[in-house]
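Presented below, as structure tokens, is a lone chain in the form predicted alone.
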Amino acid sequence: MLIGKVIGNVVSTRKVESLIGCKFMQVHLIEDGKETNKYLVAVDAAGAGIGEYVLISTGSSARLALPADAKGNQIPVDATIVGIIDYMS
């Protein structure tokens, strides 16, 4: 899992049909408690907002965090926001 801070929305009007209705967020990654120069785009499964710190699942685990599409296929994503962080020490 990764930790990051949501810094913006990503709008895509053309995408794979199974991604229609998914909310894309731009996330600034955090490592060892410090912001890095790394960013990623993640599908938001937790309802995160801009400015919130989040937990991100990547790889095949990211696909498992989302429900299958209408045909029963997994949605093609590589990063999914799976939690909103309330507190970090």
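Numbering starts at 1 and runs along the sequence shown. Since the structure is predicted, the reported quantities are computational estimates derived from the model, not experimental observations.
Just so it is clear, the following notes concern the form predicted in complex with a further copy of the same chain, a form of the same protein that is not shown.
Contact check for residue 11: a non-hydrogen atom falls within 4.5 Å of a further copy of the same chain in the model of the complex. Residue contact with a further copy of the same chain in the model of the complex: residue 47 places a heavy atom within 4.5 Å of it. Shown alone here, residue 76 lies within 4.5 Å of a further copy of the same chain in the model of the complex, counting heavy atoms only.
Within 4.5 Å of any heavy atom of a further copy of the same chain in the model of the complex lies no heavy atom of residue 68. Contacts to a further copy of the same chain in the model of the complex (heavy atom within 4.5 Å) from stretch 61 to 89: 61, 63, 64, 65, 74, 75, 76, 77, 78, 79, 82, 83, 84, 85, 86, 87, 88, 89.
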